[in-house]
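For reference, the chain that follows is the form predicted on its own, supplied as structure tokens.
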């Protein structure tokens, strides 16, 4: 099988987030398909390759995105089957909130073609950098907003909660670019099971062009239904409660630690943990 496909991520901010390896795949492809966020990024891709084919015309208000994704897959596979080196260039990280990239790799491999994915910088990476959120500090939960609404998901209010695609909260049609106030009121009703209405939340949008600034709007949870949103908007809910110690586990670990240190007590003082490590008595 001479055909192949590589799915690459172009990152979020134009020109600055793509890896050298992904750029090389684009430059050396036979055909490049563009699943990117705007026309400027498409023009940038065309500077790297003369045959860039846009997926943008496949989207339309009222048309199911399931249909659009299947058309993407069919177009890419058709070129692979012709023996071409195909690259699919997708906005952000091509494996994050993206059905078609994963599926086309699966189908290509099933037919015996070489297929793999190269990562890109995602909106999540930008979010953690620009909002200063370290997921290792208290934890971070990611959910697609509508999935969070449709299913009974467990929420830990002592960790950050990140809800993606909040602009289409509650949409089951996969054919809309936005939902209205009534849908968001249902979302707020769910969130108030864990957070008070005056809890401060953030609406975040990563900049796609170098001269743009990130959108970071802080507002009370009660104001969420009337807020301006689009497909790129992400809802970030900071922790609403403090971490609670699991004293039973801490006591068990303390016993284990004491037993490990016992043989050395008569010879040396207890050593302090290396700088930067968490101490059990500080948790």
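The shown structure was predicted, so the numbers you read here are calculated from the model rather than taken from an experiment. Residue numbers count along the first chain shown, from 1.
The same protein also has a form predicted together with a small molecule, omitted here; what follows describes it.
- With the partner omitted here, the residue from 159, 75, 133, 96 that has a non-hydrogen atom within 4.5 angstroms of the small molecule in the model of the complex is 96.
- Contact with the small molecule in the model of the complex, defined as a heavy atom within 4.5 Å, holds for exactly one of 195, 113, 183, 164, namely 164.
- The candidate stretches are 23-31, 227-235, 245-253, 41-49, and the one lying within 4.5 Å of the small molecule in the model of the complex by heavy atoms is 227-235.
- Within this chain, residue 206 lines the site of the small molecule in the model of the complex, having a heavy atom no more than 4.5 Å away.
- Of the heavy atoms in residue 122, some are within 4.5 Å of the small molecule in the model of the complex.
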